[in-house]
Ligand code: GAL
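Presented as structure tokens, the chain that follows is alone, the form predicted on its own.
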């Protein structure tokens, strides 16, 4: 049989077309099949084909066999390299979350452009389907943001998959950043640092150490020191009592072989403590339930030896887990919770609380402690419920200067409380502390419930948490502060309700070495630029500067972040007027804070994933004419500018400046 050449050619053409069509058929690649280790999230580990709890994935009572379970705030960076056609998923809050409080926003960003964004989603809501065209996209970001409360932020990317025609996708980590130290080393000559004002109650013991950098030995003196107070010339520690209310303006002096320094200082004897935000260290984010007397003493030692004390840090604070834990199998945690008179006891890890506070005080520092208005603390240790008066007396007897009062199990007693119910336990403790014979700063740790910033000071608080815990990622920081509550245009206006005597507390400084979700100690998950943003933002909003990393393992970079005196001056400014956001353009934001001397501190932030130019306009800052701009992290003037100041800001980074007339 003779073959027709034309038919043969036609058959070959059909075969070729069919082969090409088959070759172009996209491959389905599930997100959960990729290496998940580079994913950054606020708690725990991402789970392949399960919720973050390890249970079967379920959204709005609908179960899913495949997908990725994460915990807010989370970032998944997927390298596509232009090889994928589509990304498809169904997103929502997993049904296993134990709270309806969290509202999670899901975002899909391709090469810096938002391709899809959900509204805030809560537990019980049906999953939202997502299908986005990613053809040609090189890098895809999948974000789940909590809006400031990472608690119970169980975010599911259900049935998440890519249609791939080229190179397979891969999850990658954040771009590498060098930990560049911008803060200059302190000079050998004396410089007096920290707060310029201090409050004390009449008749109560006063302890304040003049913070000063420069070579030791150094001699200290105070001009016009009022009757009842004395200063140690070797240590700069001021001790004593003031019986008469009033404002006492003094001059601090410090001298060493290289020079002299002086600084005006005001002591206010009256009813108001915490005239500037507190500065110190807290044990929780590194030691958690492993805290001991020895750890607290080592922290006090490190605050002195590292020089943090010379920049204004004062408080050394125990967090949870110092009291007796009912039912504990560990004998160091058990024992009698209270003595015969009902006074609270410490567990065996703290054999002598009075000796501990004496040790801390002898270094010129102050001591802080923790409890809850509920029957137990968050960690399950004995707390103050129905023993509030006795516990406050015990804390005063032991010599504590600071109390963190954490809502914890009180929520089981006061379910769905109104504003009066939210205030009640803090009002009770605030009144009790005022009756003690020593000053104790009261920190309300109740996560922003009931707009606490509007009434925290009224019930006796000196600072109050504005949201949930930060968690372990940069996304927790914008969740805590980069939101409408700190916007000059916001109706909530968190910055409007605070000032000397009462401060918004967005949680601790998560720098250095921290405890991770496995209970191990590891470097902070924040990149160097994110750490600069973290500290800059806290100073702009006049937040307490409470470091909660391992203070005994401070590397040079972390220490430089904590001890830049020009940056700290923004936080400790005596005017006490918190800053807020004055301009926003997508991921680019400008924040500003008025300072006592008439200058402005201005932060140019870039929340985006790529370097960008941020512009601070004089019109947004309420300025006119030529102004000198000074880089606070580098501690150097940048020149004169008129109308605006522009700066190139790296991914998740900041440029923090001070703008002055001359």
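Source: prediction; values computed, not measured. Positions refer to the first chain, counted from 1.
As for the form predicted in complex with beta-D-galactopyranose (GAL), it is not shown, yet the points below apply to it.
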With heavy atoms only and a cut-off of 4.5 Å, decide whether residue 145 touches beta-D-galactopyranose (GAL) in the predicted complex. no
Residue 445: heavy atom within 4.5 Å of beta-D-galactopyranose (GAL) in the predicted complex? yes
At the 4.5 Å heavy atom threshold, is residue 284 in contact with beta-D-galactopyranose (GAL) in the predicted complex? yes
Taking 4.5 angstroms as the cut-off for heavy atoms, does residue 469 touch beta-D-galactopyranose (GAL) in the predicted complex? yes
Contact residue in the predicted complex, from 106, 370, 464, 400 (heavy atom within 4.5 Å of beta-D-galactopyranose (GAL)): 370
Picking from 404, 366, 394, 495, the single residue whose non-hydrogen atoms come within 4.5 angstroms of beta-D-galactopyranose (GAL) in the predicted complex is 404
Partner-proximal stretch of 175 to 183, 377 to 385, 450 to 458, 248 to 256 relative to beta-D-galactopyranose (GAL) in the predicted complex, 4.5 angstroms, heavy atom: 377 to 385
Those residues of 307 to 345 with a non-hydrogen atom no more than 4.5 Å from beta-D-galactopyranose (GAL) in the predicted complex are 319, 320
